[in-house]
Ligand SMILES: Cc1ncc(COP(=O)(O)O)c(C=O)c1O
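Given next, in structure tokens, is a single chain: the form predicted alone.
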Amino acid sequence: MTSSETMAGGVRPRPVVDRLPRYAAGKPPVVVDGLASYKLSSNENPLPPIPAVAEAIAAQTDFNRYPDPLSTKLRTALAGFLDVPAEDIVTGAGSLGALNQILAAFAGQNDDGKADEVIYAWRSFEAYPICVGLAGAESVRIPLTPDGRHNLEAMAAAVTMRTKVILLCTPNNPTGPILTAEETERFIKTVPSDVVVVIDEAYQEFVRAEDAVDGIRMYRKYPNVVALRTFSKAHGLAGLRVGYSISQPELTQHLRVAATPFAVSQIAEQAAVVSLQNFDQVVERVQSLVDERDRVTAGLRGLGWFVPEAQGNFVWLNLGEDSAEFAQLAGERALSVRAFGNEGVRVSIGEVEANTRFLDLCAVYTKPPRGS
């Protein structure tokens, strides 16, 4: 063994790294003879970006230059689109990148060696515990209600002097239900004003519940609220990594310090701007997926299956210990779905044929999800 190999073998990461879960991205579908394969495991938009966006991407040539670190064109476009000050918007590499910036600014390990606390529902977005841990903070996970919703009362009761950030995922990934405006505002009022409340709305465009919370309305009313959004889902730009947070100046001044320089490339920024300019076409595509989501949930319930309220571009099957078996059966039908251990299976809404094949599998599966 060489000296360099000896040195490399002795290198150890920070202790927290060994304690963190590994992010498990949705796997691609297996190839099955005679069947078209479909990926329903990553909550991706199965439709490509609108034609104008594809043309804008093809027209880009300035890759030898660094992008605008402030994403000025995109923030200006978003300001007009959302009716918010451009100064209140901080972009990031997807909503996950924007979230990491929030945690870097407001939650971590303090000078006295004690870690801040970040509260979130569980199960929720799989990256939360990883992001929180790498920031140096401590996760406080509050179990969901039996129907897949946030238990806001329990989350409020968990707040301590060490709590710095609370993450609210709506619609909740992977279970699907939204938070209502009334319950969210009541919750915000119970939280100390020096605790940052993040309303993570990655699937906001798919929501059709009239009483759903609007993170932007909450940010306008409460200085400690941050709205978190992305172009990955509705706009079909997951591969370009464009997300952003919206908060009042008291918070954005710190987020700009924590923001990763050049996180949004010029190709991603231009694609997002053009997609906003043609949002009517985006809405049409999103509605087609919402229609499919409603068809799938109606089909599942018609089989007598319990399905939590689905307001994103996915459905949740509370299959428990049967989760791996169901995922394997889906794979044999050239469908990749996302199993979460022995908790359940999340199935993204995909192409019409894929959704129909999924329903056909459910019609013959003899171990339906457990209800609340």
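Everything numeric in this text was worked out from a predicted model, so none of it was measured. In case it trips you up, residue 1 is the first one in the sequence shown, and so on.
Not on display, but discussed next: the form predicted together with the ligand.
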Are Gly148, Asn151 and Ala212 jointly within 4.5 Å of the ligand in the model of the complex, each by at least one heavy atom? no
Identify, from the list Ala115, Val286, Leu96, Ile142, the residue with a heavy atom within 4.5 Å of the ligand in the model of the complex. Leu96
Candidate from Ala268, Cys169, Val165, Val225 lying within 4.5 Å of the ligand in the model of the complex - any heavy atom: Cys169
Tyr128 versus the ligand, in the model of the complex: is there a non-hydrogen atom within 4.5 Å? yes
Look up in the model of the complex whether Arg75 has a non-hydrogen atom within 4.5 angstroms of the ligand, and give yes or no. no
Just checking whether Leu179 would be counted as a contact of the ligand in the model of the complex - the rule being heavy atoms within 4.5 angstroms. no
Can you work out whether Tyr120 and the ligand are in contact in the model of the complex, taking contact to mean some heavy atom pair no more than 4.5 Å apart? no
The chain here is shown without the ligand. Which stretch in 292 to 300, 260 to 268, 156 to 164, 87 to 95 comes within 4.5 angstroms of it in the model of the complex, by heavy atom distance? 87 to 95
Under the 4.5 Å heavy atom criterion, name the residues of 227 to 256 that approach the ligand in the model of the complex, in sequence order. Thr230, Ser232, Lys233, Arg241
